[in-house]
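Quick setup: one chain, the form predicted alone, written in structure tokens, and binding and motion questions come after.
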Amino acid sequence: MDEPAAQLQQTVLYELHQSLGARIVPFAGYQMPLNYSPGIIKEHRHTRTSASLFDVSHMGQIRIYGPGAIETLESLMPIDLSTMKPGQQRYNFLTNNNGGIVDDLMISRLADHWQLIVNAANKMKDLELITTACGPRTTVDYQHDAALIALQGPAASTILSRHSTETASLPFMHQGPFTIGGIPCLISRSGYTGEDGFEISVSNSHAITLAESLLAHPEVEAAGLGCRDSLRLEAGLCLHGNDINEQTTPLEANLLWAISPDRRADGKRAGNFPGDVRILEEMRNPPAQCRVGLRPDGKIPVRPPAALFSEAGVESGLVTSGSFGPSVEGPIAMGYVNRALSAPGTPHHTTVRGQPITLTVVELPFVAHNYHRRR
């Protein structure tokens, strides 16, 4: 059930969304733009071909300071932070004692602290978890006064470089301080659309000015949560609460690549993070289920939590994300299936409104990533 509007928070860009005619919906405790007048499909396609501006200020920004920061963070995540240089950013996750994913996040090393970008629905839980783990040599600072704006799409670098030429040379998955139109910002070359782009952390007092200056470029359009979801699904990226949760392990989610080699079963510093016993065992003996991409036949999207069945009629899995993929011009989905039935080309079956539908396992992503790589 949707939360009453009176209980929902507003980001600092809320009035800008209203002025642009956004359709506002409740999401993770906030009033957020689902889409604008062009509609989700047009916003999606515009992001793939030009550049779109997203308000992601509902997400949490947490800074960790002090000589005990690495020890604290490595006690909560299967990551090796000692190899990260200032300016580098990585994807990782907090795990629980059963090996489940409490939250997935982005972590950056800066000159004098570490920065985490965490999911909106989990940010207070994450903050408490990190604060509890801190010793006397570590300080945690939640950034209440910072907004987060994402500029995504193949034209994003060209547009941002008009304000700061230095941003064009920022490598993928790196972060640093920049000035945009006299406004100090912390910018990472990252995002969750599969496209090249940037996430810009800026003080609340300058957020609207910055957003309006970027929207003033004819190539840039505002985009909402609707196309953000279809873009990340086409890119094969997980949504916490749908595709991963506290009952899902990284190995089930096919996220082994995010676990640092030294923290793996055969690594120099194996384990010593929550749920390590189960996660290390699953590295040796893969779990019974795994996350896969699925292409439904026909034109009807298959949405969660649709149950999947094998050719023999035995329940074989579950759809966790499903939508129409504008870039592939057809329905797409992700879900979990029995590992024995996870090879590309394997059919699964479900029913949508009484109509039988076959879904075929396919390789992820559905659309090739277009991240900026060094040449």
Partner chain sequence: MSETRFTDDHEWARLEGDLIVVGITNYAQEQLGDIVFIELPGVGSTVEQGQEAAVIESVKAAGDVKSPVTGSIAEVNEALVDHPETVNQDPGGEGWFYKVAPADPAEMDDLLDEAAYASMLAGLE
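Positions refer to the first chain, counted from 1. Since the model is a prediction, treat every value here as computed from it, not as a measurement.
Although not depicted, the form predicted together with its partner chain is the subject of the following passage.
Not displayed here, its partner chain is approached by residue 355 to within 4.5 Å at the level of heavy atoms in the predicted bound form.
Put simply, residue 162 is far from its partner chain in the predicted bound form: not one heavy atom of it is within 4.5 Å. Though the partner is left out of this view, residue 323 does reach within 4.5 Å of its partner chain in the predicted bound form, counting heavy atoms only. Not displayed here, its partner chain is kept clear of residue 343 by more than 4.5 Å at the level of heavy atoms in the predicted bound form. Residues of just one listed stretch (47-55, 311-319, 32-40, 61-69) have heavy atoms within 4.5 Å of its partner chain in the predicted bound form: 32-40.
Checked against its partner chain in the predicted bound form, the residues 229, 282, 74, 276 give one hit for a heavy atom within 4.5 Å, which is 229.
When you look in the predicted bound form, the only residue of 301, 287, 176, 293 with a non-hydrogen atom within 4.5 Å of its partner chain is 301. Along 12-27, a non-hydrogen atom within 4.5 Å of its partner chain in the predicted bound form is carried only by 23.
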